[in-house]
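We begin with a single chain expressed as C-alpha cells, specifically the form predicted alone.
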C-alpha cells in the first residue's frame, strides 16, 4: 500500500492496522536537514522539494509539503518580501492602511505571481519524483490570516472592530484569490490543500462566526469541488472555537498542544482525521527516550481513531533528528 493509499484508507475507512500516520510539519527543520538556508527553502521550490524528499527518506514521513512561509499570496498582491538566511521572511509593506486601500487592491493572477508559480512548479516536481505515491500538501492562507498579512494584525483587528463593512470587503477579496490559488495547486498536483488561519485563535467565537466561518466553509467547499483534500490549521489555543469548527467540512485538522484531542473529538465527531498535539518545545526537546514515551502514550490512546502523530505546530529547527526518529518509532509501534 502506498502512502497515498494509506491516507485514503484512514479518511474513508478508519485507522490502519498496525501503524499510525506520521504527519509532522517540517519547514525550517527540513531546510536544515536538506542542507539549504531557510531563505533558499522559502524562495526556491528546487530547494524546498529536495529538502522534503531528504526528510521523506530519513524519517519515513507519510506526506511531503510545499509549506514554507505565509507570504506567497501577500507578494502576489504586491508586497515586498525580505528573505532572511535563517529566519522567517519579513513583509516590508502594509498594503491596507485604511478602508480606502481595499478597493485599490489588485486581484492577482496566480500564473503571473513569482511566488505562486514557484509553488505550482514544486507540486509538479513532487509528482514527477514521487509518481503519485505520497500525498503532496499545498497551502493557502486563510482569509483572516491573509487580511492580517495585508493590513498587519493590529490594523486588521482594528478594522474588525471599527469598520465591519470594510472588513467584509477585504475578507471577500482575499478569499477569491485563495480559491484561485488552491485550485491551481490541485491542478498542478497537490492532493491536499492546507488552510492556515492562525489569526483566528486570537478572536472570540462571535467574531469568528461573524467574519470568518462562512468564508472557511466556502473555501473548503471550493477545494473539495476541485478534488482536493482539506487540512485545516489554526495554531494556538482554539478550544473556544471547536464548536464553530464543527461542520466546516475539512478532512484533517492540526491541533496545537493547548487543545485537547478529546475536546476536539467531542466537538468534531469521529470522521475527521485529527493530527497533533505534541508540544514541540516542552516534549520534543526532551531526550529521545522521553519523546518516544510521550508519543507512544498518545498513539496508544488514539490508535482506534482517525489520528495522525504530529507536533502541535511546526517541528522546531533545533529539534534533534533522533527525536523525530523517536516519534516515528512511536507511530509505527502498534505491533511492538
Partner chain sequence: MDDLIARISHCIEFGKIDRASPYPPDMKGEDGADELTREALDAGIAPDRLLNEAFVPGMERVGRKFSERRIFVPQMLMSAKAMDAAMRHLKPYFQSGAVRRKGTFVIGTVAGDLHDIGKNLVAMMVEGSGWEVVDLGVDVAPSRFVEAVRAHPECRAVGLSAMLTTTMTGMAAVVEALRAEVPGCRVLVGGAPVNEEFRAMIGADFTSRDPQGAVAYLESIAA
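Positions refer to the first chain, counted from 1. Just so it is clear, the structure is predicted and the values come from calculations on it, not from any experiment.
Below, we refer to the form predicted together with its partner chain, which is not included among the displayed structures.
- In terms of contact with its partner chain in the predicted complex, the residue from 244, 210, 158, 127 that brings a heavy atom within 4.5 Å is 158.
- The single contact residue among 16, 317, 325, 11, judged by any heavy atom lying within 4.5 Å of its partner chain in the predicted complex, is 317.
- With the partner omitted here, the stretch from 112 to 120, 165 to 173, 200 to 208, 133 to 141 that lies within 4.5 Å of its partner chain by heavy atoms in the predicted complex is 200 to 208.
- Although the partner is absent here, residue 60 lies well away from its partner chain in the predicted complex, with no heavy atom inside 4.5 Å.
- In the predicted complex, at least one heavy atom of residue 285 sits within 4.5 Å of a heavy atom of its partner chain.
- Although the partner is absent here, residue 54 is not a contact residue: none of its heavy atoms lies within 4.5 angstroms of its partner chain in the predicted complex.
- When its partner chain is considered in the predicted complex, residue 97 lies well away from it, no heavy atom lying within 4.5 Å.
- In the predicted complex, the Cα atoms of residue 284 and residue 294 sit 3 Å or more farther from each other than they do here.
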